[in-house]
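Next comes just one chain, in structure tokens: the form predicted alone.
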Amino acid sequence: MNSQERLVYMANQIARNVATQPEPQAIVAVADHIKAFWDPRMKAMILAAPEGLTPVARAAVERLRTVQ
């Protein structure tokens, strides 16, 4: 698994962990987690190539793109 695949896996895993929340809150939770705990290089990589993300993880990445 390369670095990009690992980041996609991690973002999807975070989304699975908050899946019991309503979707809007889950999206915010995933975005907040990535913003708080991922280093700038990781964030840049996932923003540059979000292929393979689940819908909630993809929406969270898009939220990061607009909120940062």
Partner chain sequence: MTYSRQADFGTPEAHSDKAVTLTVDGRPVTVPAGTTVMRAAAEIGTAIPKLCATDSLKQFGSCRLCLVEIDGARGTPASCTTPVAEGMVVHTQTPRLQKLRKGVMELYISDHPLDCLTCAANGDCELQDQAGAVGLRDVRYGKEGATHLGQAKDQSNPYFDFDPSKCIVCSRCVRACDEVQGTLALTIEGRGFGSKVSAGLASDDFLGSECVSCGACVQACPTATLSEKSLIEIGTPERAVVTTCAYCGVGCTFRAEMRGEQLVRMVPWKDGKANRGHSCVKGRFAWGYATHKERITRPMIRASIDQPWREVSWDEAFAHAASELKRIQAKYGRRSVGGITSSRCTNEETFLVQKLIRAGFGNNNVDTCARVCHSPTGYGLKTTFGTSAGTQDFDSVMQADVILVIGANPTDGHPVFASRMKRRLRPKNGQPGARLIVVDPRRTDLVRSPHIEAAHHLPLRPGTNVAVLTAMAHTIVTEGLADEAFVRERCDWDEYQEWAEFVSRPENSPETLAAVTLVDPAELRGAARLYATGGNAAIYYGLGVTEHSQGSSTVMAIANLAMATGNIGRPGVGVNPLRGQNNVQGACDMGSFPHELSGYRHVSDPDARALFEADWGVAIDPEPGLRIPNMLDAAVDGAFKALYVQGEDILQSDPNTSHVAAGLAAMECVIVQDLFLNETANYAHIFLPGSTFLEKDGTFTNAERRIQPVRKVMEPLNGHADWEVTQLLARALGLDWNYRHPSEVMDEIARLTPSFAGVSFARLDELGSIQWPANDKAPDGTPVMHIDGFVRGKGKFVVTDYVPTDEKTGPRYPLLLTTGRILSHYNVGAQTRRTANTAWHPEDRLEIHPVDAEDRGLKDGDWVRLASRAGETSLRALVTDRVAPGVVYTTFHHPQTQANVVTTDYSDWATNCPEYKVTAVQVSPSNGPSHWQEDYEALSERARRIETAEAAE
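Residue numbers count along the first chain shown, from 1. What you see is a predicted model; the values in this text were computed from it and never measured.
Unshown form predicted together with the partner chain; subsequent notes refer to it.
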Just checking whether Ile14 would be counted as a contact of the partner chain in the predicted complex - the rule being heavy atoms within 4.5 angstroms. yes
Answer with yes or no whether Met42 is in contact with the partner chain in the predicted complex, where contact means some heavy atom within 4.5 Å. yes
4.5 Å heavy atom contact, Ala59 and the partner chain in the predicted complex: no
Flag Leu53 as yes or no: does it have a non-hydrogen atom within 4.5 angstroms of any non-hydrogen atom of the partner chain in the predicted complex? no
Taking the partner chain as it sits in the predicted complex, which residues of 22 to 41 have a non-hydrogen atom within 4.5 Å of it? Please list them. His33, Lys35, Ala36, Phe37, Trp38, Asp39, Pro40, Arg41
